[in-house]
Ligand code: GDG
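A single chain, nothing else alongside it, follows as structure tokens in the form predicted on its own.
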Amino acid sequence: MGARARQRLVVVSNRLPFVFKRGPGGRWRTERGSGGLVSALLPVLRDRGGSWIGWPGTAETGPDLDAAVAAAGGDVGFALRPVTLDARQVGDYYYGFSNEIIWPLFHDLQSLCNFEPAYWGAYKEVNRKYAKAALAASRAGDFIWVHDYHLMNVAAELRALGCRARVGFFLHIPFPSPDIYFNLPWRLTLLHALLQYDLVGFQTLRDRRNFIQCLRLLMDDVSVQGKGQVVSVTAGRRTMRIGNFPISIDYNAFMRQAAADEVAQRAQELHRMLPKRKLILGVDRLDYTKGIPHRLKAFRTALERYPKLRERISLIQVVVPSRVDIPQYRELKSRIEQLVGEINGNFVRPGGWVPVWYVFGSLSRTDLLAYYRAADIALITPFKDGMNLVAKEYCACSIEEECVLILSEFAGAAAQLQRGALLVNPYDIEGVADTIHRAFTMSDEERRSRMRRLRRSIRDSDIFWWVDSFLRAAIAKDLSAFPLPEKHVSEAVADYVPI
């Protein structure tokens, strides 16, 4: 990859890779953040050197917090640079612009947006703070990699500060089609901000196409060169690169941990608790984009349409708490619990069969892996998802390869996993119900064939492939030097179009 491949990396994300909380006695307690991004980038930063910039998760400041952040950075081998935010900034930038405007809009739920003008001012203000921190932490030759929808304006602020470093951006959520995006009052300003990056990465080809269509409809003199995974886009005087890089997981780590004795024993306990039936698993953060009420209705419909499923199948629905202080999310939680109660009330039978096992709470790593191991079918049906790593985690943990993945065609993962998963339209309640029956009656041979294909695809395009492909695209002198996808990852960069 040449000398430039060893350049230092400055990662900029909304949160630091560690969570800082007050412990007993008032001392700061440090917990490593979860997720594939943290797992993938920690060794890269340790190897290359550099910094990770983000909010430490608290409005408090002081020397003791600075010392805790510095100590956590020393343990992982690179610097952590905290960005402090006050309560107003957290409210207007994070809960406001990021999660009351961009999150619903980019998930095609524009009716849920609150286009409060003050939110945009706070978003620019906070993005400027992140840009100043990135500029202070970087030096000549560094590559600055900004992550996700909270920080789309960082490159524009960096350029305004005189920064000429190479800056990349990756959007972890979907990018909407023009008819949805055009609802945003600051639509043109935000496009100009994204053009200030040298490379913008999206999860899927569809997201990339939507972005280019928005450029063409809102700006003059837009041209696109190239037909591969990464293309060059010129808009006015600005030329940058755009690519689709489907994020993934640490496949080998999930597979090894799922095979541990403790996980296997816990999975066996679940089967002993729920004997003589196949287990369906749903694992979701509490969010209206996940389609949990529709999923419950589909499961109820499956029991109604196929009586033979009764007492032979159970749905374990895990809901991880999220934003429970927001009324809309509290209402969603109540609706889920109401549906669970109705289904169990209608179908529960003497002798112990409970159709839906509802778990509201965060799971330990061991328990999550055990649920993955125990489940015969995963039911993952979001209305819209940038990727959905639960689908990939489930497949990595299905080491017996006798399981079935039912996946929403509107999840970004559908483009990669369409040849092994059973794809469904989450709005089609009867169609999802029929697919549950199909998964239940599927032969062992077909189950193994499909799951082997899924696991092979995820293994060959894991989180480390994702990091490497993005950085290669960022530093390549020209697009011809950027390697075309290998055969085993061709599905990962393909498109999926619902029939």
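Position 1 is the first residue in the sequence shown; the rest follow in order. The structure presented is a predicted model; accordingly, all values stated were derived computationally and were not measured.
What follows is about the form predicted together with the ligand, which we do not show.
**Message:** To verify the annotation, which of these, 330, 310, 349, 365, has a non-hydrogen atom within 4.5 Å of the ligand in the predicted complex?
**Reply:** It is 365 that has a heavy atom within 4.5 Å of the partner.
**Request:** Counting non-hydrogen atoms within 4.5 angstroms of the ligand in the predicted complex, say which of 203, 153, 138, 317 makes the cut.
**Result:** The residue in contact is 203.
**Request:** Can you work out whether the ligand is within 4.5 angstroms of a heavy atom in all three of 8, 81 and 197 in the predicted complex?
**Result:** No.
**Asked** Taking the partner as it appears in the predicted complex, which of 171-179, 90-98, 118-126, 332-340 has residues with heavy atoms within 4.5 Å of the ligand?
**Response** Looking at the partner contacts, the answer comes out as 171-179.
**residue 398 within 4.5 Å of the ligand in the predicted complex, heavy atoms** = No, no contact at 4.5 Å.
**Asked** Does residue 285 make contact with the ligand in the predicted complex, using a 4.5 Å heavy atom cut-off?
**Response** Close contact exists here: in the predicted complex, residue 285 approaches the ligand to within 4.5 Å, heavy atoms only.
**Asked** Contact between residue 207 and the ligand in the predicted complex at 4.5 Å, heavy atoms?
**Response** Outside the cut-off, so no.
**Asked** Hey, in the predicted complex, is residue 393 touching the ligand, heavy atoms inside 4.5 Å?
**Response** Close contact exists here: in the predicted complex, residue 393 approaches the ligand to within 4.5 Å, heavy atoms only.
**Asked** Quick one: which residues from 243-265 get a non-hydrogen atom within 4.5 Å of the ligand in the predicted complex?
**Response** The one in contact is 247.
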